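The data below hold one chain only, encoded as structure tokens and taken in the form predicted alone.
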């Protein structure tokens, strides 16, 4: 009888017990080839939070997903271009960060704290940074002119090339070639830049547009002689090239310097895990691991002593002062954004 009562009590207790919560998950939206797979695996082992990684190839694709395809309520964390942070704030697509939950933010270089695009880092923290330039095959183009003219001046084109399928970067290259700011809001300047890109697209030397790592891949495969790429992709290609024929240059007219940023979408299902992962990525050891994998420059000041000396002295990763003086951060362009879209649509559709 006593045994029967005990069994009944145990049965009642188990019936009233709430089911165990499902394991926490983090949904990350990020550029392709931009995160060492070991990092989320280690994070999961340490915290029990599973990281699901979704990838995109252009800022336009990312913005459309967050704005029109429910991404603001689907992803917990996104890595985006710094120039888009004000736009995402204006559209109410991202939420303010709880800085108290990210103590490792103190590891960031002061250059990336309180940036003009997000004063006080209210909505974002830096992830990686780099430049836009030209990856080329030195064996095929031994005397390549370090100028955007190799794309935009038919008389100075020397090899087959790939344009980058990233609106502000590609238009920015044309604007710098013309001597204008990459952030111009002047309709005439912007239309002239669009005409240059369109003419380059139609050149018999053009191999079209490629997003993300596509341009790098075509140069590596010998399908193009040069491509507009991001510096980290260029460095990966150079280091993986068995013949040692590839090189990277920032054109003499100047170019874009950028810092990608970590943001939390407005309706993130698990913002707590997002804060936790941001803090993990800003750890000194993890930050060094990240940059060793991506081959981009680290904004993590505490991580730099852990990076190889040859990386810190590599001008592709960390440009010298002379090159930096000709680099320009992209900024939000306000109402002129519509004109950028119009010009880019015309370039892509013709």
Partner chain sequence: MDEPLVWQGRLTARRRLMREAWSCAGGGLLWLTLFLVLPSLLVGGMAFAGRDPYGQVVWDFTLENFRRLAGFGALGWSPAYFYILVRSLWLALVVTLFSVGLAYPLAFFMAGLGPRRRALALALVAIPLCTNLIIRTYAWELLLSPQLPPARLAAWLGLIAPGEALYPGALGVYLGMISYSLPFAVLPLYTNVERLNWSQVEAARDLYAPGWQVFARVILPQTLPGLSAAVVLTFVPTLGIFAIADRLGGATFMLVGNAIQQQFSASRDYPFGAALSLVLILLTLAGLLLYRRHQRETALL
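Numbering follows the first chain given and starts at 1. Please read all numbers here as calculations on a predicted model, not as lab measurements.
This protein has a second form, the form predicted in complex with its partner chain, left out of what is shown; the following refers to that one.
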Site test, 60, 221 and 347 vs its partner chain in the model of the complex, non-hydrogen atom cutoff 4.5 Å: yes
Listed residue that, although its partner chain is not shown, lies within 4.5 Å of it in the model of the complex (heavy atoms), from 254, 130, 194, 133: 194
Residue among 170, 276, 87, 82 with a heavy atom within 4.5 Å of its partner chain in the model of the complex: 87
Contact test in the model of the complex: residue 91 vs its partner chain, heavy atoms, 4.5 Å: yes
Contact test in the model of the complex: residue 68 vs its partner chain, heavy atoms, 4.5 Å: yes
Residue contact check: residue 25 to its partner chain in the model of the complex, 4.5 Å heavy atom: no
is_contact(residue 328, its partner chain) in the model of the complex, heavy atom dist at most 4.5 Å: no
Options 100-108, 114-122, 195-203, 226-234; stretch whose heavy atom lies within 4.5 Å of its partner chain in the model of the complex: 195-203
